[in-house]
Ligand SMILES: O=C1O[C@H](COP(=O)(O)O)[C@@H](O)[C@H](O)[C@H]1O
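Encoded as structure tokens, the following chain is the form predicted alone, with no partner shown.
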């Protein structure tokens, strides 16, 4: 056991990125790595990239130069963009990697080719699977055949599998390769600042904890509506859809942070135990009553004319892939029994809405004499930008008998790094706080599988909404 713990904390010498020529690596992963290394951390790190594209070293260097320059991605909002990396403490490290990093064209699902890639890596190695779930599973089977250098860590991009069965298979093969302590299942949606902002708000303010339960809470929404359309991601997204891509992969983890019981510490074991506990108690409502799916039709987003999803390049309309997914789940425990938690994610929506909304129950009796409409108090936790709003009814100015709505607002502290930089920092520092544990990955699939089944059987019709509109984004009936 002592040797396993020691291996789990060995410093990574080489970061190997599988799928290095793909969209994810160029758009998010490598810029996040650049931002991390610019702070001066991991100055001796080596970088090896591998992909199926037949790139030469000049093309790979061009990708690194562009990524390390931190060109803002189309998916980056203004508050997510970071300044140039010039004159940063780790600038020399970035320039060294641009010169020395190598790219190996290989099919990493083939043991002989994967061995050729690993031969270019000095151990201990961190292997980042920037690959689709099915390819990740085949690559892990190839690793099982050829063996791993001592101290290897596996960094696996979500979604973890395509369904519950594939997640269990992948967990099994990963468990045969390395101990759980050396596995990082990446949820880039939740950077360390987001996690700590939610936990700090909840557990450092005694005023909220006594009422953060079914006795006082009417409903909870976790919403991530974005104005992006497909943006050239058909190869991945058309086989995934909003339910797998966002709700299963990300929003259930936001729910867990909002609903979990207080952990004794913010250590990774305590926090991840609490996350697992609340997700084990979570179930989807009847899909025919408590879920909705739709895809965007032709419309306008800002100044852009957007074709219907079915007409986007690379899309197979027969798959009926949804760009809007909405599911209401329930948590069967003492704290939350009976409270509907509605999770929704949609593409092609304006204006965007990215927040958690906790709506409290109305007052049981409004004293006679007060005028105006009493509305339930609400807490809004912004997910981009990260902010906090408390909406209350108070006596209005001028007429003290009349109720007015006010919002008390503040911003959370900003992050030093983009989300992928925070994820990679956890990998390099052997901190699994932001990593999804294997049992939790399986629980998330268990929760959504009844909905996936109902949708595949046609029991929930596929609707349509115009791109660039708010049409059809009201929450589903939870009565």
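Residue numbers count along the first chain shown, from 1. All of these numbers come straight from a predicted model, not from anything done at the bench.
A second form of this protein, the form predicted in complex with the named molecule, is not displayed here; the remarks below concern that form.
When the named molecule is superposed onto this form from its pose in the predicted complex, none of its atoms lies within 2.4 Å of a backbone or C-beta atom, and the site is open. Among residues of the shown chain, residue 347 is one whose heavy atoms approach the named molecule to within 4.5 Å in the predicted complex. The closest heavy atom approach of residue 246 to the named molecule in the predicted complex falls within 4.5 Å. Within this chain, residue 236 lines the site of the named molecule in the predicted complex, having a heavy atom no more than 4.5 Å away. Within this chain, residue 335 is remote from the site of the named molecule in the predicted complex, having no heavy atom within 4.5 Å. Considering the named molecule in the predicted complex, the lone stretch of 228 to 236, 396 to 404, 291 to 299, 319 to 327 in range is 228 to 236 [heavy atom distance within 4.5 Å]. Here is the short version: of 188, 253, 153, 185, the single residue with a heavy atom within 4.5 Å of the named molecule in the predicted complex is 188. Distance criterion of 4.5 Å from any heavy atom to the named molecule in the predicted complex singles out 192 from the list 272, 192, 213, 378. Taking a 4.5 Å heavy atom cutoff to the named molecule in the predicted complex, the one contacting residue in 148 to 164 is 158. By 3 Å or more, the C-alpha separation between residue 250 and residue 192 shrinks in the predicted complex relative to the form shown here.
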